[in-house]
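Shown here is one chain on its own, the form predicted alone, set out as structure tokens.
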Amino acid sequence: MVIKRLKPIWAALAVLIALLAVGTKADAAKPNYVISTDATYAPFDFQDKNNQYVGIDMDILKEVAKRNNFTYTLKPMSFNAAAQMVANGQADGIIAGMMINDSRKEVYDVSDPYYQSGVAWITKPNSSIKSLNDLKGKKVALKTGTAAAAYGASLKDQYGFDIKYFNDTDTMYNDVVNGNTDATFEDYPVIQYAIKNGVKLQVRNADNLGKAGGVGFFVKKGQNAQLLDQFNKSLEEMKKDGTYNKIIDKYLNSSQKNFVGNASDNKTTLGILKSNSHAFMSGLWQTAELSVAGIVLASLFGLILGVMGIAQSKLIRGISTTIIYIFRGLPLMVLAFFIYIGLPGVLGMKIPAFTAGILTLILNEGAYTGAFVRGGFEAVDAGQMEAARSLGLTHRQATWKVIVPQGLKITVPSFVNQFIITLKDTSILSAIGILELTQTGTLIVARNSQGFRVWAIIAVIYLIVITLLSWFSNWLKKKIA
């Protein structure tokens, strides 16, 4: 009987999820490709002061698309996630300053190299470390998945240093600047750009760079051969007609003011807030959308699990307990990666990032909600059920008319606290490329290298929103009391 009562709710959830998954149709006259990238890897990939994706990779990709009359949908996210999207068929190709090596050729088909890079090793300007021999017993910061990290790791045993891995470039740089690690390895053009934008680091081997190899455009092995061929032919044409050199010069030899804005804007917190106000508001709005959708749907899912948890049937109670145990036990980021990157490879279908994010919140936050909702129902005096049954109500009627209303009243404060937790948990979804508030901050920092000020602004925005929710929680508690 409980299952029948819940069927309309399941149907509503299914319809909403289906609507979330529907994307806009591409222009039928042109093929549309999904291209993943790491948008925090300047000067190859980053956002400019107008929040447009730019960089060596972006300009080359735009030119290739123009010359071959196709369109593309860009999916910016962390490097490892971007690479996995292609390997699992979620994206058609990746362009992200990605180095060509033998291990990657086993998984991907790769273009001709469009840039030859070298690896620099870097310390603070006043560091006592002057040579690689001085790294013995020291800590070195590396960014996961990069050729620079592979090169640095290959020297670990020879020079006797320890390694500390990071997922993003800015955090890695700041770890060295703050003295938590002693050095780092990075692609030379990337660290050049960062130093131009004020990162207080120094390249130690500019005249003798380590070998990194060529940078390429990658597609899944055995697929998108036409796209790869178009890339190679257009790259050759661009090198002959001078377009390629213009792109390289634009990002490596020109002033960075065109991309990061006025230097004065980046020197003060107020200036950063003013020059990036649109980006901050856009990120906050995406966070609000995720939070509201996640809160509503997770609450419904949690209510279903809570009701199932007090059902007469042992099987239904067992299903509720199992679901709560599984999704409350999984880390949110692991669940997000599993839904967005893992499931498509098994199901053979693409899952939009926003849909994957909502599903992640529904399952994880809904499991926590289900646990305290079930606890609220169980906290209702057992005599209430007995009294209702003695008046002739069935177990189902007594549950919905007597137990559920009283139990929900008990759990209202927990619901509001869970809303706050859901809001904060949306920041983790930046890992799968959702452009919410945290990802917005990451992109701004990649552009202007002002990590302290940008993250201070992000922290204050979160604090203001959470404070408002806390006030609402206290007001609601007083009303109910």
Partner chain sequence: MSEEKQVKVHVDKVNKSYGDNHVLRDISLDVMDNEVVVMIGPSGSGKSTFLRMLNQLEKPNSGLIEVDGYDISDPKTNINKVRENIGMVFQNFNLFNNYTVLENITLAPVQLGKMTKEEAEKKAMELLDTVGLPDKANVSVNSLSGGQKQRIAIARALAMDPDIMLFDEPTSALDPEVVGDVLDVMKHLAKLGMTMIIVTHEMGFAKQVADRVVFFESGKIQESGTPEQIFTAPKNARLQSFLSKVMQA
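Just so you know, these numbers come straight off a predicted model, no measurement behind them. Positions refer to the first chain, counted from 1.
Absent from the display: the form predicted together with its partner chain. The rest refers to it.
S.K.: Can any non-hydrogen atom of residue 249 be found within 4.5 angstroms of its partner chain in the predicted bound form?
M.R.: No, residue 249 is distant from the partner.
S.K.: Taking heavy atoms and a 4.5 Å cut-off, does residue 392 contact its partner chain in the predicted bound form?
M.R.: Yes - in the predicted bound form, heavy atoms of residue 392 and its partner chain come within 4.5 Å of each other.
S.K.: Is it the case that residue 381, even though its partner is missing from this view, gets within 4.5 Å of its partner chain in the predicted bound form, heavy atoms only?
M.R.: Yes.
S.K.: Going by a heavy atom distance of 4.5 Å, is residue 304 a contact of its partner chain in the predicted bound form?
M.R.: No.
S.K.: Thinking of 386, 397 and 406 as one candidate spot, does its partner chain come within 4.5 Å of a heavy atom in every one of them in the predicted bound form?
M.R.: So, yes: the whole triplet contacts its partner chain.
S.K.: To test your reading of this chain, name the stretch in 162-170, 141-149, 398-406, 291-299 whose heavy atoms come within 4.5 Å of its partner chain in the predicted bound form.
M.R.: In short, 398-406.
S.K.: In the predicted bound form, which residues of 275-301 put a heavy atom within 4.5 Å of its partner chain?
M.R.: Residues within 4.5 Å: none.
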